[in-house]
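Here we start with a single chain on its own, the form predicted alone, put down as structure tokens.
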Amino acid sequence: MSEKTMEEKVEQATNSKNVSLPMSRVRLIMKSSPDVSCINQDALFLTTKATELFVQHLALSSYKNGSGKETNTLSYSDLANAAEETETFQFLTDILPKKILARDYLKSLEEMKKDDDSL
């Protein structure tokens, strides 16, 4: 699948009045906020569509800058890199952290402990 075809599909989905995400789930998430008491059907549709477009934008940006272009795949590391390197997605760095091996994490903990002991 070429990059142009992917962008055409995103454009087609953007212009569509249908949504792919289940609106009942979006309503459930919205109602979990204590500030929300009543949800208008139009507000629910717009929130669902905006969420869908945001996920598409994140996926397309991650795909374009990711390592899976040759194999036509999108991996977690592509999403994590996009969250870390793109200013627009910086707020996602806590949700999409880069993966780290347990041994590397333990090694960094030991180094931090040594630094604290030397002070």
Partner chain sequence: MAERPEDLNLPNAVITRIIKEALPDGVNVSKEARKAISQAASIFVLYATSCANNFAMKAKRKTLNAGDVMSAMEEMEFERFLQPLRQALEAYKKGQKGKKEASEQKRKEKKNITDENDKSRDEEEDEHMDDEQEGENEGEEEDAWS
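Positions refer to the first chain, counted from 1. Keep in mind the model is a prediction, meaning the values are calculated, not measured.
Below, we turn to the form predicted together with its partner chain, even though it does not appear here.
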Using 4.5 Å between non-hydrogen atoms, is Ile95 touching its partner chain in the predicted bound form?
-> yes
Is Ser108 one of the residues lying within 4.5 Å of its partner chain in the predicted bound form, judged by heavy atom distances?
-> no
Counting only non-hydrogen atoms and a 4.5 angstroms cut-off, does Arg25 reach its partner chain in the predicted bound form?
-> yes
Asn81 within 4.5 Å of its partner chain in the predicted bound form, heavy atoms | no
When its partner chain is considered in the predicted bound form, the residues of 28 to 51 having a heavy atom within 4.5 Å of it are Leu28, Ile29, Met30, Ser32, Ser33, Pro34, Asp35, Val36, Ser37, Cys38, Ile39, Asn40, Gln41, Asp42, Ala43, Phe45, Leu46, Thr47, Lys49, Ala50, Thr51
